[in-house]
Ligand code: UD1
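Form predicted on its own, single chain, as structure tokens, below.
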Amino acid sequence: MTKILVTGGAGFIGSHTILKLLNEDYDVVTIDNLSNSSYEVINRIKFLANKNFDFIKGDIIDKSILKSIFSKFNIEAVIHFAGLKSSSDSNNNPISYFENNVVGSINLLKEMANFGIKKIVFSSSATVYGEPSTKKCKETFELSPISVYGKTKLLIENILLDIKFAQPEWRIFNLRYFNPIGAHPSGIIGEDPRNVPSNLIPFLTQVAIGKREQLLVFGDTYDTSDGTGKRDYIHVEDLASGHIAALRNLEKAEKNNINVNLGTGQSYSVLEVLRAFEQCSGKNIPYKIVGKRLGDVGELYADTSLAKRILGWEAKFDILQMCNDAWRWQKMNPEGYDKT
């Protein structure tokens, strides 16, 4: 039986995508090194789906593990999430990011080619745009990432693009997504960062639950409505649906349109998200303005027209639903996966 290989499947986006794959009757095998996730995620996906799937603990840096997976399972296509993902951390640890993200991806692609598997949906990022003069990002914009993380994503995109040009039979989508937040509506799976959160919503929810004293707002002098950074936030459930749509439409991935934005097409500032979260949670969230982080930009949001045209996909959930679901997850799992 053919399977979809999901790398990094125990992570925030990977876990929600696997659940949706299982619910839509795909067979799944996943590999994750659990460096920023927990095996409990796998148990909970199986519980929610009422289905089993194959899990391998391992790292895509390890070619022998990849080889054994492709030898053992009849893989039809790959959804590739595995990698380090913090823009700020990447600037402090560039070698780790290039090794994990770029070398790991090259290892994966080499083994895919060795086994004749030429279908991949890649988890890219809006950070590849850097800080464009036009805030509404089209896929055709010049790319100039300002964080090491963004540079690793662009490098992988370019590798995949070169593969596509050299071997047109490959079917590839680079999904450039914006800022995933929210959680599964059950509250059973969600975002559980191991260390101090580098993203807004998990930091907010940890303040609301009493785990942290206050939210740190990185900069209030951006050229935005209230001076804080503005982002296009997308519900993780919408993002998971986008991966299913990409998988189903891989045959449409021609050379000139393999890069596709996934977002809502609307941006919210940090303080706007904070107010929306306060409305949903009924909590007052104390915050402190601190210095800007290297690698952060003022405002970005997606032009989503290509995703609608090629994938037949668009985001459904608004910012209040995203905050509601994120808060439900945190209330049900105050200490995350490992201590509930």
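Predicted model, so just to flag it, every value in this text is computed and none were measured. Throughout, rigid core stands for the largest set of C-alpha atoms superposing within 1.5 Å between the two forms. Residue indices: 1-based, along the sequence shown.
Keep in mind that the form predicted together with the named molecule is missing from the display, and what follows is about it.
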property	result
Selected contact from 206, 198, 266, 186, since only one has a non-hydrogen atom within 4.5 angstroms of the named molecule in the model of the complex	198
Among the candidates 259, 87, 101, 123, the residue which, in the model of the complex, approaches the named molecule to within 4.5 Å (heavy atoms)	87
Heavy atom of each of 127, 233 and 293 within 4.5 Å of the named molecule in the model of the complex	yes
The named molecule in the model of the complex: contacting segment from 173 to 181, 156 to 164, 101 to 109, 70 to 78, heavy atom within 4.5 Å	173 to 181
Proximity of residue 250 to the named molecule in the model of the complex, heavy atoms at 4.5 Å	no
Contact of residue 117 with the named molecule in the model of the complex (heavy atom, 4.5 Å)	no
Heavy atom of residue 270 within 4.5 Å of the named molecule in the model of the complex	yes
Residue 240 within 4.5 Å of the named molecule in the model of the complex, heavy atoms	no
Contacts with the named molecule in the model of the complex - residues in 217 to 244 whose heavy atoms fall within 4.5 Å	217, 218, 229, 231, 233
Rigid core fit then residue 57 CA moved by 2 Å or more between the shown form and the other one	no
Residue 309 C-alpha relocation of at least 2 Å between the shown form and the other one, rigid core basis	no
C-alpha of residue 291 off by 2 Å or more between the shown form and the other one on rigid core	yes
